[in-house]
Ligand code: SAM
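Below sits a lone chain in structure tokens, taken as the form predicted on its own.
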């Protein structure tokens, strides 16, 4: 399905959880000088105006990244915060980077980024946002097919972000099975799979598919938004990391504290 557009949910609590983790991983991986390959299966548009009609319709950013109480907990010394500030200084205080732009701001000029996006409007804005970066390649194709097709890359140190909309119930199983496929083809890759926590509990099927496999350096993080967010469909956020980089567990373990009250 091509109905989902992330602009309605950009900068929400789940984005903070996901993007903080992504920045922690990339900061750790860029400590070594060797080049990295970064890929996304569902990239979105890369940049979001949090005062757009779509964003204001849901108001999710207001209790997310625009909340002063949350912003104070993130920490000004984090790569995530610094990337957001760079975007705000360049484009204005109402703009927020999606994961493609966040990753590009944290990576080096000699790292490569391959971004998959099938939705026509999302792809159009993504291409417009990222075209000036020589090391970024934007693909209008199915994310699972596209990442599999170009893997493994020449620079085999890398990260894959799997972040579908999960609008279709079968997406949970599809994402879980894709992890096995891409790991077989590109075993060195750090794989990060994000998923929403909803009342239906369909994420448990995704977790079961992944956790029943003997993947290396596995890490799972889940946070509940029930103390912050009420009367919303999204109850929390979770992600699974395979081949988790050394030395980041303590930082990842502290992420739930941001959403504790």
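As the structure is a prediction and not an experimental result, all values here were calculated from the model. Residue numbers count along the first chain shown, from 1.
The form predicted together with the ligand exists for this protein as well; it is not shown, and the discussion that follows is about that form.
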Report summary line: In this chain shown alone, the residue from 78, 180, 165, 112 with a heavy atom within 4.5 Å of the ligand in the model of the complex is 165
Query raised in the report: Is residue 17 close enough to touch the ligand in the model of the complex, meaning at least one heavy atom pair within 4.5 Å?
Result: no
Report task. Using the partner position in the model of the complex, report whether residue 190 sits within 4.5 Å of the ligand, counting heavy atoms only. Result -> no
Requested in this report: Could you confirm whether residue 74 comes within 4.5 Å of the ligand in the model of the complex, counting heavy atoms only?
Outcome: no
Query raised in the report: Taking heavy atoms only, is residue 99 within 4.5 angstroms of the ligand in the model of the complex?
Result: yes
Report task. Within 4.5 Å of the ligand in the model of the complex, counting heavy atoms only, one of 200-208, 43-51, 217-225, 57-65 shows up; tell me which. Result -> 43-51
Query raised in the report: Can you name the residues of 113-132 that have a non-hydrogen atom within 4.5 angstroms of the ligand in the model of the complex?
Result: 116, 117, 118, 119, 122
